[in-house]
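Next up is one chain by itself, shown in structure tokens, the form predicted on its own.
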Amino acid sequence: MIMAWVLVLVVLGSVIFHLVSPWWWTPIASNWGYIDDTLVITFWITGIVFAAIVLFMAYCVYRFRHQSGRTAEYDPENKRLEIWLSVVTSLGVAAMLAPGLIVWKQFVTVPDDATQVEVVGQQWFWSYRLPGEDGRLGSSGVEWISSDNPLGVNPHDRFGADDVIVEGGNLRLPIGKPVKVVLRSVDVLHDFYVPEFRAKMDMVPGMVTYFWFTPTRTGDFEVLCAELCGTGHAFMRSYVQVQEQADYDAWLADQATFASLQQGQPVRVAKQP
């Protein structure tokens, strides 16, 4: 009886903890409310299954407790029960996977009007590359990485000359404009994660990964590395600063281009329309 009550209290305690818990998600600041919806669906399915299994265990502990003169019945196979459990489990797994697959397709299907921004992870800081006056990024590659060109921008690509380089600083974006975030790592595994955007993606050396989002409110949102990447992992932080278009244009106009950095003379770039 004691163990049965303990199991019942575990379920009740879990439900109460959820209802009064002070730990809730941060306010969302992008278009990815779909991800919150998917998590809620998964939470309810797993929560109901958890409560049902634990309460069933409590029932079994009480119903089949030791009693004088009672003997156990050996029943190693029950085809009807196995079929029932297989069907219910398959339906539950499908109910959790289906929303995730739909959201994932949206997550990697980039709108045609999205602006491409590159994020480069390196032990233990973030660097960014934004399109300049021509509105597009030049190509890049590890073969071009050097002390004078830490992001590996192709110096022979004319589209890269006016790219804006932000090394070890913060990323600024205009509000309400879709952004394709292209991710590269130059050393080990990293993970670009901004909790308020509900957006994160692994950065694998030798690969280019991506996702997209649309900032929906202005503010400063902390960038975290969500993949253990060495002793300085906890300090690998930055900010995404979402601004009104006019403020963003004013900031962009004061940034140096890749070409000017190669010449050692910072120059102003033209404002984007």
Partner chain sequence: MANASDRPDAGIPPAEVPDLALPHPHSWWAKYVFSQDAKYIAIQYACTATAIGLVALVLSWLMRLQLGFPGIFDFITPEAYYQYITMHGMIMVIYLLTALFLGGFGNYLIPLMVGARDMVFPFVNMLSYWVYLLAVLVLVASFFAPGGPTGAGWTLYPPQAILSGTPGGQGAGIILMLVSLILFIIGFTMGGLNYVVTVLQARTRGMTLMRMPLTVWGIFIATVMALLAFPALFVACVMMLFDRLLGTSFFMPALVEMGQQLSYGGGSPIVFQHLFWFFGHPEVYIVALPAFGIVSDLISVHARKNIFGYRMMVWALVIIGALSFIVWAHHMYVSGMHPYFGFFFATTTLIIAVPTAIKVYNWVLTLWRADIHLTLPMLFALAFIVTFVNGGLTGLFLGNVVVDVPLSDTMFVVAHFHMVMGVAPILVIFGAIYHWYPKVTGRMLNVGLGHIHFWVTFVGAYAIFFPMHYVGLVGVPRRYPEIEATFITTPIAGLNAFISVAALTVGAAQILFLFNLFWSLRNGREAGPNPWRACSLEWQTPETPPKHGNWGKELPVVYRWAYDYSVPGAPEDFIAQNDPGPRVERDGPP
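Quick caveat, the model's predicted, so the values are computed rather than measured. Positions refer to the first chain, counted from 1. Whichever C-alpha set is largest while still superposing within 1.5 Å between the two forms counts as the rigid core.
Same protein, other form: the form predicted in complex with the partner chain, not shown, and the subject of what follows.
Undergrad: May I ask you to check whether D191 falls inside a 4.5 Å heavy atom distance of the partner chain in the predicted bound form?
TA: Contact with the partner chain, yes.
Undergrad: Even though the partner chain is not shown here, does F159 get within 4.5 Å of it in the predicted bound form, heavy atoms only?
TA: F159: no contact with the partner chain in the predicted bound form.
Undergrad: So in the predicted bound form, is the partner chain close enough to R198 to count as touching (4.5 Å, heavy atoms)?
TA: Contact check for R198: yes, within 4.5 Å of the partner chain in the predicted bound form.
Undergrad: So in the predicted bound form, does Q245 come within 4.5 Å of the partner chain, heavy atom to heavy atom?
TA: No.
Undergrad: Can you check 132-140, 85-93, 171-179, 112-120 and let me know which stretch has heavy atoms within 4.5 Å of the partner chain in the predicted bound form?
TA: Flagged stretch: 85-93.
Undergrad: Out of 193-225, which residues reach within 4.5 Å of the partner chain in the predicted bound form, heavy atoms considered?
TA: Heavy-atom contacts to the partner chain in the predicted bound form: Y193, P195, E196, R198, A199, K200, M201, D202, V204, P205, G206, M207, T209, Y210, E222, L224, C225.
Undergrad: Given a core-based superposition, decide whether the C-alpha of R237 shifts by 2 Å or more between this form and the one not shown.
TA: Comparing forms between this form and the one not shown, the R237 CA shifts below 2 Å.
Undergrad: Is it true that D112 shifts between this form and the one not shown by 2 Å or more at the Cα, once the core is aligned?
TA: D112: C-alpha displaced by less than 2 Å between this form and the one not shown.
Undergrad: Taking 2 Å as the cut-off, check whether the CA of R158 shifts that much or more between this form and the one not shown after a rigid core fit.
TA: Superposed on the core, R158 moves its C-alpha less than 2 Å between this form and the one not shown.
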